[in-house]
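One chain is shown next in structure tokens, namely the form predicted alone.
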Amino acid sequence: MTWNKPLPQPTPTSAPYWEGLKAHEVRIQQCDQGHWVFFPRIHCPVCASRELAWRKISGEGTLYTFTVARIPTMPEFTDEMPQILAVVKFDEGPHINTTIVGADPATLKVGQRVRPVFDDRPGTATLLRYTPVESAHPGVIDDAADAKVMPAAETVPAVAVRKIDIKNIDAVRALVSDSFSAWSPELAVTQELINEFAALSGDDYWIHTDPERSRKESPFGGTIAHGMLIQVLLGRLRIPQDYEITGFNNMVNYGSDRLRFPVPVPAGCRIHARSRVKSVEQVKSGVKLMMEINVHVVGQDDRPCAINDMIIMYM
């Protein structure tokens, strides 16, 4: 999966730290007077010594403080919401800003033991995250591990299903509700998926297909998915329903009364959807059932990225 988030730019001073992370080691500096130093510097902040050496440490420490971010600071981070931003105190003393993974925020406590997690997904750099020492979260995150923790879109939660005969128009009308269904499984909208849709549709506008230019020039801070791609992906977002329409000879997609894309979907985000029956109309040729389907970027459940009032004709 293409990494769409900003990455650190190593300097001659900090390069040994980033090279250590690539080797799945935590390395920090120590001066000739025994003081541990982090972040990387050219002198010791305690004694001002310039005699600094890089040392490999375990990376383990304690959770010094943390907060739960529910609104992304940049659109590229919407897929990580809610994000646990934390400060960890190394056993050697210095502190590091990081993120906590593999933990329920409600169970975290200041002072608990944490261990390092090396995030290899960016490819060109390895990021240092943390997890509680007792967590089963893997010590290395790569694309394969990420796929294991990400729910598959094909996995549909089991729900009790009522059978509603289309000829029982009162029962069908009783499905009309202001309440939405449960969420569908999540689906990652990767840059690769966007590129494939661009090739298929011919819409290869740079805000969709050029990450570097989009990072510099786009108001969205990176590439975004086509609205019609999100619409197409509805077929893979299997929304759980607690009913099943029966008793018809055929059903067709009759069209849409409303199709809107009010929120951009940055590349790399995950989406999920929910629906409700908005209206039911008996017509000469059958029954028209309007489904309001709302797709959301995961972490932005207050506002949909796509709204489709889709009409299904039962005949």
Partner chain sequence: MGLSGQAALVGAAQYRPEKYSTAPQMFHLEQVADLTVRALADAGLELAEVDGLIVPAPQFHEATMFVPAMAGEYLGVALNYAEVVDLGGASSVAMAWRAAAAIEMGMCNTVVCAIPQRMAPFAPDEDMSEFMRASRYGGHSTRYGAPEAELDLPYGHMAQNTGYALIAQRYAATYDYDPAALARIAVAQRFNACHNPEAIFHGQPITVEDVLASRMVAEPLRVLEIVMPVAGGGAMVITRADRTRSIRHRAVKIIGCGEHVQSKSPTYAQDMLATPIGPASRRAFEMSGFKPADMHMAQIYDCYTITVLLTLEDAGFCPKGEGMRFLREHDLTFKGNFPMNTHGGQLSFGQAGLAGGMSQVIEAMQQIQGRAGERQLARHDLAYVSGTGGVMSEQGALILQGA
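Keep in mind the model is a prediction, meaning the values are calculated, not measured. Residue numbers count along the first chain shown, from 1.
Below, we refer to the form predicted together with the partner chain, which is not included among the displayed structures.
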Within 4.5 Å of the partner chain in the predicted bound form by heavy atoms, the stretch out of 178-186, 193-201, 161-169, 124-132 is 124-132
Using a 4.5 Å heavy atom cut-off, state whether E76 contacts the partner chain in the predicted bound form. yes
Under a 4.5 Å heavy atom criterion, is D210 part of the interface with the partner chain in the predicted bound form? no
Looking at the partner-bound form in the predicted bound form, is M315 within 4.5 Å of the partner chain by any heavy atom? no
Would S279 count as touching the partner chain in the predicted bound form under a 4.5 Å heavy atom rule? no
At 4.5 angstroms, heavy atoms only, are A174, N249 and R274 all close to the partner chain in the predicted bound form? no
Work out which of Q33, S58, T67, S256 lies within 4.5 Å of the partner chain in the predicted bound form, going by heavy atoms. T67
Scan 216-247 and write down, in order along the chain, each residue with a heavy atom lying within 4.5 Å of the partner chain in the predicted bound form. K216, E217, S218, P219, F220, G221
